[in-house]
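This document starts with one chain, in the form predicted on its own, laid out as structure tokens.
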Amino acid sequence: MATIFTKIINGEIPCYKIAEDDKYFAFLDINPVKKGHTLVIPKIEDDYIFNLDDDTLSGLVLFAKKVALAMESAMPCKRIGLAVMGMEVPHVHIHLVPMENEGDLNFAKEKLKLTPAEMNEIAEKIRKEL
């Protein structure tokens, strides 16, 4: 059965897309810990990052780097944090989070509630920097 992320890739579920190529996809997290919190995923389904073959894993990280650099230009922050947890959705995903301090990568804290207009504005800002 397709994961929610595969359904997003296929356009079955809407998202705030940041970037896409033939192998990877990036979109805003709908439950962000910080404004600009983005998920980067491979288009192939696997539930554990270290199951990916070396080319797919390295390609995923390089794609995430491109997105992170665009985020850094678009979102005021000291740096972009990266986290791989993989427990919530059984599809490999990297979290990219604009950070001011280490507490910004605390996924246990209350998530932000952003309007669709705010999400669209953030996505557009990041896309412009790609």
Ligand code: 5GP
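In this text, residue numbers run from 1 along the sequence as written. Every value quoted in this text rests on a predicted model; they were computed, and no experiment measured them.
We do not show the form predicted together with guanosine-5'-monophosphate, though everything after this point is about it.
Undergrad: Determine which one of 74-82, 58-66, 31-39, 96-104 lies within 4.5 Å of guanosine-5'-monophosphate in the predicted complex, judging by heavy atom distances; exactly one does.
TA: The contacting stretch is 31-39.
Undergrad: Give a yes/no on whether residue 54 approaches guanosine-5'-monophosphate to within 4.5 Å in the predicted complex, heavy atoms considered.
TA: Contact check for residue 54: no, nothing within 4.5 Å of guanosine-5'-monophosphate in the predicted complex.
Undergrad: Classify residue 4 as contacting or not contacting guanosine-5'-monophosphate in the predicted complex by the rule of any non-hydrogen atom within 4.5 angstroms, answering yes or no.
TA: So residue 4 counts as contacting guanosine-5'-monophosphate.
Undergrad: Would residue 123 sit within 4.5 Å of guanosine-5'-monophosphate in the predicted complex, counting heavy atoms only?
TA: Because no heavy atom of residue 123 falls inside 4.5 Å of guanosine-5'-monophosphate in the predicted complex, the answer is no.
Undergrad: Examine residue 49 and determine whether its closest non-hydrogen atom to guanosine-5'-monophosphate in the predicted complex is within 4.5 angstroms.
TA: Flag for residue 49 set to no.
Undergrad: If you look in the predicted complex, which residues in 67-93 sit within 4.5 Å of guanosine-5'-monophosphate (heavy atoms)?
TA: Heavy-atom contacts to guanosine-5'-monophosphate in the predicted complex: 85, 86, 87, 88, 89, 93.
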